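Consider the single chain below, provided in structure tokens and representing the form predicted alone.
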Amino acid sequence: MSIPEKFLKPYDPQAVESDLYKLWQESGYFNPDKCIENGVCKTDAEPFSIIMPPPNANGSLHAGHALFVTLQDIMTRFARMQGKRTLWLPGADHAGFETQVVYEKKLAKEGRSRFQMTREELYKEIWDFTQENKSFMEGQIRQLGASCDWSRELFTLDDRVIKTVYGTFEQLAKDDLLYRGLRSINWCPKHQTGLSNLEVDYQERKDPFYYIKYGPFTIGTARPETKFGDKYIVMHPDDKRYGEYKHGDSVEVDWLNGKITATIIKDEAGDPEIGSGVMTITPWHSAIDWEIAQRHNLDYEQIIDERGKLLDIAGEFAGMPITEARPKIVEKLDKMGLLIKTDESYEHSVPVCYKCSREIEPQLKEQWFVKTQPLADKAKEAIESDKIKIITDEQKKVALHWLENIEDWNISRQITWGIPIPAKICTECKHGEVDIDDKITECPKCGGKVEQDPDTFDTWFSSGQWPFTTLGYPNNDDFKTYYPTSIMETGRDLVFFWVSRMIMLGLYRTGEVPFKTVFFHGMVNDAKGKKMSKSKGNVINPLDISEQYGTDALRMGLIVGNAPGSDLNLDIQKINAYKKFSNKLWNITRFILTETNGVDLSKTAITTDTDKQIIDNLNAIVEQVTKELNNYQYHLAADRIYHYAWHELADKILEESKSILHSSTSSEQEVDKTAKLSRQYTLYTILTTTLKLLHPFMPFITEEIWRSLPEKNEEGMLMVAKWPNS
């Protein structure tokens, strides 16, 4: 019997990868139920489960997606080969605000706007858009070799998800952990929606800072456009400079729209160390000022509308965008003799929308808020007591710090795309009432008319329930078998947005942690360590790399040298090196198959001391790799196998084998047949073991080689073969 002809040519990943993935999927072994049915996994085997962080269904996969798919597939394939009852459940995220932003850009290119459409029209268009992208994205995940159970796939707008999210919303209300109230929120004038604190970025800017005469005081501001309604003067109670003033005193002030009567407010928010120690407040447009107003029962008035334009209170500036009005207001203050001086070098952090970088305009809005402190306390306890292990320690500290300093969570979004909030709002008293079953017809507080809440949930509120939702909480067999999940693998940038919230909501709803371990990967940068962006022109499409160099080479390039939590510089030269390694593995296989061709390996054994030592060394590699995989040190395990295959097996063992397997042309000495058989058996053992060790990292080429082996000691595919030391 001759070796397969394919080994006479270089390895061609493009010729085999799609067919291999189809073979895997058709086998049914991505589904743990099928593994049990076919006897490759026992019913009582230890369960292993990962819930895929659902990629946003609004575009193509990027390098970060390729990294998470690779890491989670390594985890999954390793567990499956260990004989565990292994489930990797995939999904896709509707991604609420982020998807609507993407679609609004598409509308803008077409000369359209969402404000010219009905909610129903916009929702339908985005639905079609996401379904198309979702299908395309799933094809890309398959291309990366993901061995996830597609039969269990879930979309975050599926009925099961919505039902679970509504149940949590209702339970929070029953437990007095939910309220609707007027509060200062982060408002994006461009996208016309409120945002949570986590969706606000900060930009360091240098702006003019104005010192303004306000009666007998000097106040400072970078935003004079907010000052039209200011009529409260705040100072610290212990500031001796203003001891003559008492709380509640009145002061006559010449101001922008004429004389006003301002009131002295003594509050510890006044900082004697900053400027004059005196400030005026604009409660409608500042969270800090709003808190002061609440403490002292002060009134307030809106100055800037939701689109960032001044209202009638601004007099001649009404209707102007604030950026246009600001210099004109300063000019008026100067003419009135109220501008004391201007500091042109004021450096400060400016809050901006994380999607469009438009400056956030705080507004007072009625929104739904979750009381997060009770939830955060339980999450914190679970982390501190190691009910959840967080990799790395640095990320553990970050998570705990955020949980210790958490604020109530605004879960209302003024967008169309997302899960509608199931509540009725009174048109008269503005009271909000949870109404899951759509039965409320009048306000339970005042008897007034009610209307459906037009807002949708923050997408992180629904995705924060992803682990127990996907597994069918509370009664589904999957929930009983696979929850808590074994590990949550995701980017370290999601420690606040997602991971901490999953811990809080998972504990709240199920009474158990949602996962036992959290593994954070870092960001994927370009070869020079720069963040990838379209504007820089340095974006690397992982699927293009896969098509050029092979998926296995891409996967190795993403893993080797990439320690948990660390950023990765994705270098094409590095990936090309692993393409060469694929060919080296192909050539190693050709040599061993050629040298063992026709040999009945079932009747041979290791008989020489040298070969016994080689196998002992191999077993040591198996032990070390297994230990590293169990300890989540994937970067070390992949590198160890690579060096063993190339430098130990190819460079040393194969070279030494040539004289054992063949007579020397310059000598009449016969080959020792016993030693030859022993070496043939040794080489074949090394090959099959190496393929198993490499399979989680390089599934395509290892499976393709495995299919051609004459004797495997196991039936079927490599993906369900037994791990070497299991």
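Don't overthink the numbering: it's just position in the shown sequence, from 1. Owing to the predicted nature of the structure, the values given are computational and were not obtained by experimental measurement.
Below, we refer to the form predicted in complex with the RNA, which is not included among the displayed structures.
*Asks:* So which of 393 to 401, 334 to 342, 321 to 329, 550 to 558 is the stretch with heavy atoms within 4.5 Å of the RNA in the predicted complex?
*Replies:* In the other structure, the partner sits against 393 to 401.
*Asks:* Should residue 385 be counted as a contact of the RNA in the predicted complex, where contact means heavy atoms within 4.5 Å?
*Replies:* No, no contact at 4.5 Å.
*Asks:* Classify residue 373 as contacting or not contacting the RNA in the predicted complex by the rule of any non-hydrogen atom within 4.5 angstroms, answering yes or no.
*Replies:* The answer is no: residue 373 has no heavy atom within 4.5 Å of the RNA.
*Asks:* Would you classify residue 346 as touching the RNA in the predicted complex, given a 4.5 Å non-hydrogen atom cut-off?
*Replies:* Contact check for residue 346: yes, within 4.5 Å of the RNA in the predicted complex.
*Asks:* Test of understanding: in the predicted complex, would residue 206 fall inside 4.5 Å of the RNA by heavy atoms?
*Replies:* Flag for residue 206 set to no.
*Asks:* Which residue, 414, 263, 363, 569, is the contact with the RNA in the predicted complex, using a 4.5 Å heavy atom cutoff?
*Replies:* It is 569.
*Asks:* Using heavy atoms only and a 4.5 Å cut-off, determine which of 213, 574, 190, 516 is in contact with the RNA in the predicted complex.
*Replies:* Contact residue from the list: 574.
*Asks:* Enumerate the residues of 619 to 638 that have a non-hydrogen atom within 4.5 Å of the RNA in the predicted complex, in sequence order, or give none.
*Replies:* Heavy-atom contacts within 4.5 Å come from 628, 633, 635, 636.
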